[in-house]
Every structure is written in structure tokens, then in C-alpha cells.
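Okay, so here's just one chain, in C-alpha cells, the form predicted alone.
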């Protein structure tokens, strides 16, 4: 199957491996990730300012590309997912916002309009709802047997809950179910959906360090061997602030379980992109 894929800026610059592993894993599962032409930064954070329209246009244009291709729009970065999903929801539910956006779009070289028709999925939702975790389990060639992995959700996948509709914001299970599907043992711990402090790291690094250290300490005290997350910023913040456990991105352990991590890393080192194959 083909899906429209929005990689986002981080996976195109500082975190290229995360994108490479996602592409290799998708290919192993029979999924083709197709980037929209000339996509731009999603905006990085969703602004609730009523007059803040211009920063939403890149997300809307990516949504339009997916709609016109007849495909869902899939993201791997939780920040991109949050911005695009909230923008889509606002196009569906806020007539004034939608009117302003469409007034901008009407001035494009090829005028168009959008009304929130696209289905937005995080890659984990694609695995759960389209591939199915039972089917994913059948594709695993290198099960992570014996690994005790703590899922770290952070803020952006789960909140605001009524808009994101990703999982139960207080008691999520999707990453734990993913961990089971690839043969490892999930570790449940209190701080798994608490903030890592990433968004205050510049203005208050001490607070960010305290928050991220609390997450890793909580996971370690409950017997985890490692932490897995779906947010590049969370991963960066946990590692930067000295996590006592290794911190992996979910696409990395997925590629490892599917037996394509080594080939994906080799392709990246040679400058070969799966998108070009």
C-alpha cells in the first residue's frame, strides 16, 4: 500500500537514522512512504492564536497532497503529528479558521481549498490499525526476546486527547502493544506519559534536566533495560540530560526486529535514500 509521508525537519537533518529506519521498516511491511512535493516545516508547535494562519499553511498543503493522492497522511515525529492533526481538526471544526486558510489557498498559482478530508495517522497507528500488531508479529525475524523496554509517550502523542484520539491519554497501551509484537517485554512505570521538559530546555535547563531525569529514573526503578520513544525531541532531551538507560526511537527497534536495521544504516552511510529506490 502507498501512503503520503511527512518526515519533518528533524528527521531530515539531525535525526536522519530515524527516517531511514522508518523507510526500511515500511518497505519490509509492504508499505511505500511517498513524500509530498516541496513540503515545508509543519511549524514545530501548534499555535492557538486565532490570527496565526500562515504557519499552518505547510501542514494544510501536505494534507491536500495526501487527499489528492487518495492516501492517508502518515508521520513518524510526534511533534509533526501533533501539529498536522490539530491543524486538520481545526479545518474540520472551526469555520472562521477554515475560511481564512482557504482565502490564502485561493491565491496560489493553482487555487484550491481544503475542508479536513484527509486521515492523519502516526506510524504507530498505521502499525496498529492498518498492518495490525498480530500481522507485525508474523513479520518479525529478529525478536527482541528478553529485552525489558519502557515506553515513553511524552506529551504530544496524547494531548489534547479529544483532538489527537491516539490512545487513552492517562493509560495508553499502543507502544506497549508494539513492544510485545516485536518480542520484547514492556515495562509499565509512573512517568511514561509525563513531560520530559523539552520545551523549556532553553529557558530553564535545570527544570528540563529534572523532568527528564525523573522519567529515566522511574523507568530504571521498575526494571527497564532501555527506553523507547516516538518523539525526537524527547529522545534528544533524555539523552542530553544523562539518562541512566539507553534511549531508542521506535523505528530503530522496529527495523532491528524486522531484520532491516543493518541494511538501512548501510544505505544511509552511503548516502542512499530508500525514497529514491
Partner chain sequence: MTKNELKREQILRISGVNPRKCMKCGKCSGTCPSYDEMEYHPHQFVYMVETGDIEPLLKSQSIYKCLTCFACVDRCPRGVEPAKLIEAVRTIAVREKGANHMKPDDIPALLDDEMPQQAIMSALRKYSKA
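Predicted, not measured: the structure shown is a model, and the values here were computed from it. Positions refer to the first chain, counted from 1.
The form predicted in complex with its partner chain exists for this protein as well; it is not shown, and the discussion that follows is about that form.
- No member of the trio 1, 36 and 116 reaches its partner chain in the predicted bound form with any non-hydrogen atom inside 4.5 Å.
- Within this chain, residue 207 lines the site of its partner chain in the predicted bound form, having a heavy atom no more than 4.5 Å away.
- Residue contact with its partner chain in the predicted bound form: residue 75 places no heavy atom within 4.5 Å of it.
- Residue contact check for residue 225: none of its heavy atoms lie within 4.5 Å of its partner chain in the predicted bound form.
- Contact check for residue 161: a non-hydrogen atom falls within 4.5 Å of its partner chain in the predicted bound form.
- Residues of just one listed stretch (173-181, 137-145, 122-130, 198-206) have heavy atoms within 4.5 Å of its partner chain in the predicted bound form: 198-206.
- This chain lacks the partner; the member of 233, 31, 64, 247 within 4.5 angstroms of its partner chain in the predicted bound form by a non-hydrogen atom is 233.
- Residues are counted as partner-facing when one of their heavy atoms sits within 4.5 Å of its partner chain in the predicted bound form; in 26-61 these are 41, 42, 43, 44, 45, 46, 47, 48, 49, 50, 51, 52, 55, in sequence order.
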